[in-house]
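We begin with a single chain expressed as structure tokens, specifically the form predicted alone.
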Amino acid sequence: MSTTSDHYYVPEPSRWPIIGASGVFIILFGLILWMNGVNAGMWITALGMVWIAYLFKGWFGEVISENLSGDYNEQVDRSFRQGMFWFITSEVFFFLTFFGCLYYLRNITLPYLGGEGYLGASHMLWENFTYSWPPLSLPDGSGYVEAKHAMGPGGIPLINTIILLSSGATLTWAHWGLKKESNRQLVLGLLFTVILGVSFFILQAYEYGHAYTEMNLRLDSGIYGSTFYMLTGFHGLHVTIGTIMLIVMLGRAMKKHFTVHNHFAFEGVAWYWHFVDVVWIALYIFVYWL
């Protein structure tokens, strides 16, 4: 039953939170088994992912139905906007942690261990260690894989930068179409954005393959390999999640779910995608360029 516009909508008790918690547990349990050489871990992890996919489809489907049935008022809309704002804020600090780690390693820890500065501890890591970034030379017998050279700013990283910046433009164009009630422009803009997001993912996967096979740049290639894959990998995960959300928005736009006055789902995904764009620019500068 739809509520009146001056009442804050409170949903009925839901099963979805316990389904979400159990899905996360299954994924983590499977990953622990997988990393410890238990073959069943891979299948348990896959089951957990299917469980989470079922959660998203069911829970988000209910929210969409409630929205289309007129249950939400302006106060609920403000609550959604505040929730998305704080979610993206948490994501900002998530990535700031990794950038802070990269800064500390490059400008404090490794220079100190290389003997720079007051009370510098030269040769603490291994004999004749000198600081340079990225630290590609590793001691013999360490068990680590020595990368041939660092990732450069040209080639695929530059193409992916252009792709993500272009996707931000096409998404903004789609938003303009929504504001002027042009559903065709909205759908086309979202379609172009999805294509660009998928293209970014494919190119990054190719880049990872090239880095592993041709450059020997791996997770066990010292601190440079681990920070490179940690930063770009988590960003790639966010691009994947954002692309999935954009595909959902595309499907809803094709069904004409959005209006000028009721389209927060689209706006929330747009905020998230623009955030992903900004993070990539910082990654491109500090990981690939500097």
Partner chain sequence: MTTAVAHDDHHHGAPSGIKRWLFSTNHKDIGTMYLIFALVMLFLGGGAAMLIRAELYMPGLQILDPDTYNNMVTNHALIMVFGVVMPAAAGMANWMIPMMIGAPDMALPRLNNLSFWLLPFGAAMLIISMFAPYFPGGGTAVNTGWTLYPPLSIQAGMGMDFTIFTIHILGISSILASINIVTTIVNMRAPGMSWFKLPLFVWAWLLTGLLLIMVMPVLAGGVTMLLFDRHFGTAFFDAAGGGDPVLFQHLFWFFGHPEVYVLLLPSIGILGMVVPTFSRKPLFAYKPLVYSMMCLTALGMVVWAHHQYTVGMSQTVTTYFMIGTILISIPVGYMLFSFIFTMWRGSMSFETPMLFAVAIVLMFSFAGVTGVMLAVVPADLQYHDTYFVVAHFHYALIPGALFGIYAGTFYWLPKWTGHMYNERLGKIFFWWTTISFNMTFFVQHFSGLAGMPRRIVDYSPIYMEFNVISSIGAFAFGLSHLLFLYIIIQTVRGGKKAGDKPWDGAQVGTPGLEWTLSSPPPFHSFETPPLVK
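What you see is a predicted model; the values in this text were computed from it and never measured. Positions refer to the first chain, counted from 1.
There is another form of the same protein, the form predicted together with the partner chain; it is not shown, and what comes next is about it.
The partner chain in the predicted complex is approached by residue 97, whose closest heavy atom lies within 4.5 angstroms of it. The partner chain is not shown here, but in the predicted complex it comes within 4.5 Å of a heavy atom of residue 230. At a distance threshold of 4.5 angstroms between non-hydrogen atoms, residue 33 is in contact with the partner chain in the predicted complex. Among residues of the shown chain, residue 59 is one whose heavy atoms approach the partner chain to within 4.5 Å in the predicted complex. Note that among 241-249, 63-71, 41-49, 255-263, the stretch whose heavy atoms approach the partner chain to within 4.5 Å in the predicted complex is 63-71. For the three marked residues, 194, 207 and 289, no heavy atom of any sits within 4.5 Å of the partner chain in the predicted complex.
The contact residue chosen from 75, 216, 172, 107 relative to the partner chain in the predicted complex is 75, the criterion being a non-hydrogen atom within 4.5 angstroms. Shown here without the partner chain, the chain has 78, 79, 80, 82, 83, 86, 87, 89, 90, 93, 94, 97, 98, 101, 104, 105, 109, 110 in 78-110 lying with a heavy atom within 4.5 Å of that partner in the predicted complex.
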